[in-house]
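Quick setup: one chain, the form predicted alone, written in structure tokens, and binding and motion questions come after.
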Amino acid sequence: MTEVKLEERLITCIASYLDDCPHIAVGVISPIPGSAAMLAAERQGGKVSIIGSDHPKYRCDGGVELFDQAGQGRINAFFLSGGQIDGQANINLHGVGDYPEMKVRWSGAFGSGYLYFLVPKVILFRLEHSRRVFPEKVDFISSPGVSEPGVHRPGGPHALVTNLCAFSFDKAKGRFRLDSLHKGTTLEEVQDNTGFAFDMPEHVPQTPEPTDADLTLIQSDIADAIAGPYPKFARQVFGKAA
């Protein structure tokens, strides 16, 4: 039996959070979320827009088009990440240390705050699960995970997927709940590498493995399509050339 790659496991895990999403949008540096969006669309139908893709099925007119569609309520899911993400799903994209004299500066928020407020299902994703990435509190809130009562906010965090596990986000409580552990990961490993407290069931299940049908689709049609916007990823993971 062929060993399932971590990337394939993450793709199917993320896709499981994308039910009932007729339109999923993906940014420019998100090959795993992009593949998950394609897989979800193949399962249930719908549209996927990927910034930077030349593929007719996924092409869009960049961020301007996505921002306009989000403002009209026409995007159902999007993906965000951050240098830091805390237990209230606050995202830090600005840097480490006290603002404005930060020790490390990152690229900034761009349109993340706008999309975080408007897109109903925002999936957070990081391949490094560590206390450095997931502190108790972020050093700077570039995009808030929760808002005060009375703030109009149709969008917000829905889930967080990492290289170790998957969380869902409880908007009423303003905190994460551990949904599953990826194969080979222990609960103690997740707890040791997470700086914030989270809820969990009495028995934490293992993240479901990809089905044979999903693997076939990921390794063929999706790998071919993802090679356009993400050639390095497609080449390294699937051996596909753009």
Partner chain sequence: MLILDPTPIEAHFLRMTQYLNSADDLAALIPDGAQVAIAKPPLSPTAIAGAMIRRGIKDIHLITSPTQAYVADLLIGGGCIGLVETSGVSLGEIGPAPRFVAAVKSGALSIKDSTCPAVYAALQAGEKGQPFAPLRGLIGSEVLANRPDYKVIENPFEPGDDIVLLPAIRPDFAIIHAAKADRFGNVWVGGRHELKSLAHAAKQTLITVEEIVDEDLRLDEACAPNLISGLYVRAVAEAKQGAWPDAAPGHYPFDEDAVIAYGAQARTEEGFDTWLNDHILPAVAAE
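Take the two forms, superpose them, and find the largest set of C-alpha atoms that agree within 1.5 Å; that set is the rigid core. Positions refer to the first chain, counted from 1. Note that this is a predicted model, so its numbers are computed, not measured.
Heads up, the form predicted in complex with its partner chain isn't pictured, but that's what we're talking about next.
Partner proximity in the predicted bound form: I51 to its partner chain, non-hydrogen atom cutoff 4.5 Å = Answer yes; at least one heavy atom of I51 falls within 4.5 Å of its partner chain in the predicted bound form.
Would P22 count as a contact of its partner chain in the predicted bound form, using a 4.5 angstroms cut-off between non-hydrogen atoms?
-> Output for P22 is no: heavy atoms all beyond 4.5 Å of its partner chain.
Any non-hydrogen atom of R235 within 4.5 angstroms of its partner chain in the predicted bound form | It does: once its partner chain is placed as it appears in the predicted bound form, R235 has a heavy atom within 4.5 Å of it.
Can any non-hydrogen atom of M102 be found within 4.5 angstroms of its partner chain in the predicted bound form?
-> Yes - in the predicted bound form, heavy atoms of M102 and its partner chain come within 4.5 Å of each other.
Interface segment, criterion being heavy atoms within 4.5 Å of its partner chain in the predicted bound form, picked from 120 to 128, 166 to 174, 146 to 154, 81 to 89 = Every other range fails; the passing one is 146 to 154.
Counting only non-hydrogen atoms and a 4.5 Å cut-off, give the residues of 194 to 212 close to its partner chain in the predicted bound form.
-> Nothing in the stretch sits within 4.5 Å of the partner.
Compare the position of the CA of Y114 between the shown form and the other one after a rigid core fit and state whether the shift reaches 2 Å.
-> Moves: no, less than 2 Å.
Against the rigid core, is the Cα displacement of E101 between the shown form and the other one at least 2 Å?
-> The answer is yes; the displacement is at least 2 Å.
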